[in-house]
Ligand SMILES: NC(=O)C1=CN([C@@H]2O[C@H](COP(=O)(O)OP(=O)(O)OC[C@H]3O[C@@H](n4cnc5c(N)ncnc54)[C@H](OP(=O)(O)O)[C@@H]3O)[C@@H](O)[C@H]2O)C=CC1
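First, one chain by itself in C-alpha cells, the form predicted on its own.
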Amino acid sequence: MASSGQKVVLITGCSSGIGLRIAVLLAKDEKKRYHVIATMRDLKKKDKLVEAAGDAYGKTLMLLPLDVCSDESVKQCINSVKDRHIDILINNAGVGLLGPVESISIEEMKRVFETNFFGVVRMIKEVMPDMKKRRAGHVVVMSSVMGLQGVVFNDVYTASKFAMEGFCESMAVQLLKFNVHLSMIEPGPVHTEFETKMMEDVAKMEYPGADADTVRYFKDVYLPSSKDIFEAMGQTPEDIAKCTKKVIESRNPRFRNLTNSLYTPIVAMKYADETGGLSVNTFYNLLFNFGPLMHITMSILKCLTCSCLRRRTISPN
C-alpha cells in the first residue's frame, strides 16, 4: 500500500527489459516518492524482477498479474488497486514482428495490434475516468522511433506504433483540459533479450509466400544493416528507464520524447519534405545502393558513441 505522499505508478510488461528497469528504478528512488505496481501476464516470470528489485520488493514495489489483451484482466487489475487510484500509468507491454509482409499471416498482424495498440487503449480507457475526476494524472506510452518513421521489413510493427501515436496525439488534447498529461517515449534500437532473440530467430526462418529476391534482401541486406545500427546506436533498457523517470518528474512533461538524439535528424528529414520522397529515397539508397558505405559509417559512429555521445542519448531534452 502506498504511503502518504507517494505516487502510485502502474507499469505493464515488467517481466524483463525496459519495463523491468523502469519498475526497479522508480521503486529504488532515494526519496521513496513512488509506490510501484509492476504487472506482467505470467507471474511465474517474476524472478528477474524480484531479484533486481532487492529490498524494494514488498515495500515500494508490488506485483500484480495483468494481460493487456483481456478486458477482464485489465479491469480486475485496476479494481485491485486501493480506491483504483493510479497517479502514473506507464504502458510498456508490447510485441514485435519482423519480416517480409507476404509471409506474415493476418492473425499474426492482429496479435501485434491487439497488444501494441488495443492493449494500450484498454489501459487508458480503464484509468482515464478516475484521472479526469481527480483532475490529475500522467499517462506514459512506450512508443518507438518507428511510430514516427517507417522502417523496411518492420511494416506491421511500425503500423501499430503509428496507430498508437495518432491515438495519443488526439487523446492528449482532451486530457489536458482535465490536467492529465500524456507523454510518448520514443526509443530507437534498444538492446534487450527480446530483440536479440527475435533477430536470431528471423535469420533462421523460412518465408513462404515471399519471392526469393525479397527474402535475400531481408536476410543479406536488411539484417546485417540492422545489426550495424543496433551496435552503433543502440541504447540499454536502463537508458530508457532514466529517460522515462525524467519525463514523469518534469513539471511540464513533453508529449514526444525521443530518447536517442542521434535519431533527431532522421525524424526531421521526414518532415522537411511533405511529399515523402526525401525520406523514402534516402532510406532506399542507404540500404540498397550504399550498403558498404553505411556499414563504414555505422562503424565510425559506434566508436564515437562509446563515450560522450552515447551518454547524451539518455536525455529526453
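Residue positions are given as counts along the sequence shown, with the first one as 1. Quantities reported herein were computed from a predicted structural model and do not represent experimental measurements.
Below, we turn to the form predicted in complex with the named molecule, even though it does not appear here.
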Going by a heavy atom distance of 4.5 Å, is Phe194 a contact of the named molecule in the predicted bound form?
yes
Just to confirm, Cys69 within 4.5 Å of the named molecule in the predicted bound form by heavy atoms?
yes
Would you check, heavy atoms only and a 4.5 Å threshold, whether Lys45 touches the named molecule in the predicted bound form?
yes
Partner contact for Val95 in the predicted bound form: the named molecule, 4.5 angstroms, heavy atom:
yes
Could you tell me which of 86-94, 201-209, 101-109, 166-174 sits within 4.5 Å of the named molecule in the predicted bound form, going by non-hydrogen atoms?
86-94
May I ask whether Gly137, Asn179 and Val247 all come within 4.5 angstroms of the named molecule in the predicted bound form, judged by heavy atoms?
no
With the named molecule taken in the predicted bound form, which residues across 133-165 come within 4.5 angstroms through any non-hydrogen atom?
Met142, Ser143, Ser144, Tyr157, Lys161
